[in-house]
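The data below hold one chain only, encoded as structure tokens and taken in the form predicted alone.
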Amino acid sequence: MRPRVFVRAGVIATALIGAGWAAPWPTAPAVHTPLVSRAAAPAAGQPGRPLFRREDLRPTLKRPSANAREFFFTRAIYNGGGRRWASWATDFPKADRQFLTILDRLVDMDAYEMENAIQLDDPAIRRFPFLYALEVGNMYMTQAEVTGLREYLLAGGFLMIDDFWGTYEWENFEAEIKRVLPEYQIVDLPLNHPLFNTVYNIKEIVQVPSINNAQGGPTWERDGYDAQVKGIFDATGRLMVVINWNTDIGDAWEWAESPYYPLRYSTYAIEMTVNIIVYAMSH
């Protein structure tokens, strides 16, 4: 995977404004149809042209289910303990679509352009090796979701955690992830871990605030004063879970085009997420 040049504000703003990401709230998660292998892709049919082109597999009006891709940005749907709002859907789908627009311009990866949400107890989750979950301070998984997530991770899946703050939400998340992986420890990820320099060289963990806290006031929420990046490794040393605590990376994707959202935060959030995805997909 070859990273493309990151021309900061201009590329981000142009990409997002021109992409037309704004859309009505979806009535249901994306339908997961069987993936099409690259071998089944139509040939270009012209001398000197490659047999496979990315545009051959893009959805069209005639082929709306042509969703074969190298990568789907997949968001986890989980139980929120009967709350009136769905915590898993925070910033959805705008944040996902905006990040995918930027990802398409930064990394040579054939990523599906739209959101992709799936329940943790759906067997189809294994089609998608990368999974994103946020607001896990309000996560209260059913036993079926616990089993589904455990089997997913131990089979080789990767989970990115984001947007939860302070002691109380940490304790809730820790209790929930211990239900999933009771035999594995949560550890700090040092800045010399390959995750931090897979594409971009990240030398500092930046606390990314929500847009309401990004205008010069405190960047923290509750008692989450210091942003931290932690991980969970399996018995072979494979990183299964990366945990972004006391930070809101998804809000930086959602507001990356806004002149009121500081570039420092959106740049870190985008670079960090690109590193996580490329690391996950190459390990």
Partner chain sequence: MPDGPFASVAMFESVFEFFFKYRPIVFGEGTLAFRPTVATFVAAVAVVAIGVATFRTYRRVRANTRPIDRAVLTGLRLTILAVLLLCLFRPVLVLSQVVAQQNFLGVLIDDSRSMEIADRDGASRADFVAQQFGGEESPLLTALADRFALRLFSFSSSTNRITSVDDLTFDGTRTHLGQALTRAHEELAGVPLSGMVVVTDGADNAGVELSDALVPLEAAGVPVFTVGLGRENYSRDIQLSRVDTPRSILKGAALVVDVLLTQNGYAGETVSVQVEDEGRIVADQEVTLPADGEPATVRVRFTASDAGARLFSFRVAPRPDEMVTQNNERNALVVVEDTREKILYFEGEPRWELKFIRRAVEDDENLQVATLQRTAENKFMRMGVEDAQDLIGGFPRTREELFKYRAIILGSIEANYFTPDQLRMIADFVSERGGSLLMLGGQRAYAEGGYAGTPVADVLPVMLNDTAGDGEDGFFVETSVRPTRAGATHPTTQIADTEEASGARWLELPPITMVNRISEIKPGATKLLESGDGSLVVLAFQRYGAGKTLAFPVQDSWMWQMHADIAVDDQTHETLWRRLMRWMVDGVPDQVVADLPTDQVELDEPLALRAEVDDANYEEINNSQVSAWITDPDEELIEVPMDWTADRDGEYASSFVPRKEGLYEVRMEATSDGELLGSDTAYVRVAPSDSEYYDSTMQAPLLERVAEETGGRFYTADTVDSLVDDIQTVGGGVTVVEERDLWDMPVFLLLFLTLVLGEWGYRRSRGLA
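Numbering follows the first chain given and starts at 1. Every value quoted in this text rests on a predicted model; they were computed, and no experiment measured them.
Beyond what is shown, the protein has a form predicted together with its partner chain; the following relates to that form.
Visitor: Where does its partner chain sit in the predicted bound form: which of 178-186, 146-154, 203-211, 91-99, heavy atoms within 4.5 Å?
Guide: Looking at the other structure, the answer is 146-154.
Visitor: Answer with yes or no whether Met109 is in contact with its partner chain in the predicted bound form, where contact means some heavy atom within 4.5 Å.
Guide: Yes, Met109 sits close enough to its partner chain in the predicted bound form that at least one of its heavy atoms falls within 4.5 Å.
Visitor: How about Thr198 - does it come within 4.5 Å of its partner chain in the predicted bound form, if we only consider non-hydrogen atoms?
Guide: Although its partner chain is absent here, Thr198 would touch it in the predicted bound form, with heavy atoms inside 4.5 Å.
Visitor: Find out whether any non-hydrogen atom of Pro190 is located within 4.5 angstroms of its partner chain in the predicted bound form, and reply yes or no.
Guide: It does not: once its partner chain is placed as it appears in the predicted bound form, Pro190 has no heavy atom within 4.5 Å of it.
Visitor: Is there a non-hydrogen atom of Tyr140 within 4.5 angstroms of a non-hydrogen atom of its partner chain in the predicted bound form?
Guide: No, no contact at 4.5 Å.
Visitor: Scan 122-143 and write down, in order along the chain, each residue with a heavy atom lying within 4.5 Å of its partner chain in the predicted bound form.
Guide: Contacting residues: Pro123, Arg126, Arg127, Pro129, Phe130.
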